[in-house]
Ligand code: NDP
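Shown below, as structure tokens, is a lone chain in the form predicted on its own; questions about how it binds or moves come after it.
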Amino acid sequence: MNDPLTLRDLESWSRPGVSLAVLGHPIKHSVSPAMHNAALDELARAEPRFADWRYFRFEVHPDDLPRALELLHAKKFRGVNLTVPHKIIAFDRVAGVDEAARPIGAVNTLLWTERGWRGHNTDGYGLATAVQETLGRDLAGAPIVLLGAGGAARGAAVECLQRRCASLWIANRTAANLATLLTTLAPIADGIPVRGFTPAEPPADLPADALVINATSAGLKPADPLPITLAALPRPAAVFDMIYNPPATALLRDAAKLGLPQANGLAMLVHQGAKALEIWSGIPAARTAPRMAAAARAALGL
């Protein structure tokens, strides 16, 4: 895979055709270009209009994000994906935000418009679709135990509430961050019980048969502690870990030992990407997701 492009490359950009991009810091190990370009190649074989569509990755420091977004718009990139740490930073720097993304306070997909970028967030769609695909479960009507209170957890929590989960229990080690998230969610809970707790002390009245969703970074490194001890909970229905690399985190191994259905976040990565491509192209996400999934697995050596 080629080295990521930079702000300097963007300043001199003059490529004909339709350009798409992902921005991150760091971005070197992103598999999004492999996913999107594989899908675009397949689309181009059926529809010639996609022959000149291409997806690129740019390493952009957070301080340079405003300039990068300005240049990308001026160069008429059709769409942009944003990954860590740009999703929250960009929220207040776009011309408009899709209504579904407003409660999240973060955008991961931008669409070019005459007046500026329009921000969307496809992570929730990716989560819900992945949970259904890999675990055969719906967020709607399900009791949810969500691990974490950061940006990823906020997006997951909003999606669970918007899809009318039965209840939402949020576990986080830092009490202040947990309190902030609970306050943010209160206006959109609309009667759904939302409660918080510390992972070390799960409350006795946690629901059985809950879907446990890990939205923390615990598991990215081999030495990371478990975000929660599953055996300390009433027996969950299933466990979903948003982390996809490594494919088997300590939490998923713990779930396997207990005989619980479990899945990593690779399908979520694929489906949020397919939804972004749908926003840019009008092609239904379900059509491009299988090709994206194959490309993602190949890029990760799976």
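Note that residue numbering follows the sequence shown and begins at 1. Given the structure is predicted, the values throughout are model-derived calculations rather than measurements.
This next part talks about the form predicted in complex with the named molecule, which is not shown.
Q) Considering Leu277, Met242, Leu251, Leu69, which brings a non-hydrogen atom within 4.5 Å of the named molecule in the predicted complex? A) Spelling it out, the residue with a heavy atom inside the cut-off is Met242.
Q: Name the single residue among Val97, Leu206, Leu182, Ala218 that comes within 4.5 Å of the named molecule in the predicted complex, judging by heavy atoms.
A: If I apply the 4.5 Å criterion carefully, the residue I get is Ala218.
Q: Would you check, heavy atoms only and a 4.5 Å threshold, whether Gly151 touches the named molecule in the predicted complex?
A: Because a heavy atom of Gly151 falls inside 4.5 Å of the named molecule in the predicted complex, the answer is yes.
**Q.** 4.5 Å heavy atom contact, Asn172 to the named molecule in the predicted complex
**A.** Within the cut-off, so yes.
Q) Are any of the heavy atoms in Pro193 no more than 4.5 Å from a heavy atom of the named molecule in the predicted complex? A) Although the named molecule is absent here, Pro193 would stay clear of it in the predicted complex, with no heavy atoms inside 4.5 Å.
(Q) Contact with the named molecule in the predicted complex for Asn177, defined as at least one heavy atom pair within 4.5 Å: yes or no? (A) Asn177 belongs to the contact set for the named molecule.
**Q.** Per-stretch contact check against the named molecule in the predicted complex, the hit in 97-105, 156-164, 219-227, 183-191 (non-hydrogen atom, 4.5 angstroms)
**A.** Contact criterion met by 219-227 only.
Q) Hey, which residues along 86-100 are within 4.5 angstroms of the named molecule in the predicted complex, non-hydrogen atoms only? A) Only Lys87 sits within 4.5 Å of the partner.
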